[in-house]
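Shown below, as structure tokens, is a lone chain in the form predicted on its own; questions about how it binds or moves come after it.
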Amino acid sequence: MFIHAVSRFVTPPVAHPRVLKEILKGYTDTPFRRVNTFILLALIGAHRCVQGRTPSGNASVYLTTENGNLGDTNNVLDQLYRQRSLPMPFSFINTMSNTAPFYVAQSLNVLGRNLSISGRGLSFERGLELARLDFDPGPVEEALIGAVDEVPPGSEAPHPAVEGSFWIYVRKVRNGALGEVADVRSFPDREALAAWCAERPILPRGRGMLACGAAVPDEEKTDWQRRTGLALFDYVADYGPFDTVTAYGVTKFLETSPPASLLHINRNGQGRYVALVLHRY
């Protein structure tokens, strides 16, 4: 699965969607009505990613998210249970998280698979895993894979609150690619991942980089460094552990790293692990 384009968009929470609409105008002339923050974040990231490119009509969209459309969902529940009134129709429709990838596909004129994916702390990894299965030996030839989340209402995280939209454009064709998703593997626990790492060097020892997700504690990061002999690529420190931070780290590596390889390890609250292997050409 070869990576041909990548996009990172990070922003503090905006006071009104019109701010995001103005940003979106820099990437597409298509007018959008009845859209909310979550949809606009998805559109900004996807259109930034494909600038200067025209995805084929059969391209697929895989949008991953931890929490989905929180803003309108919060508003609808407030209208139902506090105001004891019927919700606004478009707010109710936009509570469906698959509305955002629909807007992405419609605005890019692509008719392939269109999915929203959430995976308990491993959402971006699950999206990559599913896309890879659809690519090889499946029918999908190219796709946009993104991670989008907005700040939860009333969030009191110790780090500055940020919202994100991070996308990669992948194809089966290597020609012109900037990198590759070489492997995506799931493991039931830490021991299974450690055994896999011990079977053979995942990346050449002393070369490449190791990144660990926000849920991996510091002592465990040190242990993975010892096991792999790889230098640590620490992206979590940039903004803290926000919901789409894994996708931020992957896209940062692809945008800023010289030619190198990355082993990314992440876990969720249930102790399940996913390892990604990426190459930057």
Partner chain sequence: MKGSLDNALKTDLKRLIIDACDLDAEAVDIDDDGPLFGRGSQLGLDSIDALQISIAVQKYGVKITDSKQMRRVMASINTFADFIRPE
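Please read all numbers here as calculations on a predicted model, not as lab measurements. Residue numbers count along the first chain shown, from 1.
One more form of this protein, predicted in complex with the partner chain, exists but is not displayed; see below.
J.: In the predicted complex, does residue 198 come within 4.5 Å of the partner chain, counting heavy atoms only?
T.: Result no; residue 198 lies far from the partner chain in the predicted complex.
J.: Is residue 89 close enough to the partner chain in the predicted complex to count, meaning some heavy atom within 4.5 Å?
T.: Yes, residue 89 lies within 4.5 Å of the partner chain in the predicted complex.
J.: Would you classify residue 35 as touching the partner chain in the predicted complex, given a 4.5 Å non-hydrogen atom cut-off?
T.: Residue 35: contacts the partner chain in the predicted complex.
J.: Spot the stretch among 26-34, 229-237, 41-49, 242-250 with residues whose non-hydrogen atoms come within 4.5 Å of the partner chain in the predicted complex.
T.: The contacting stretch is 26-34.
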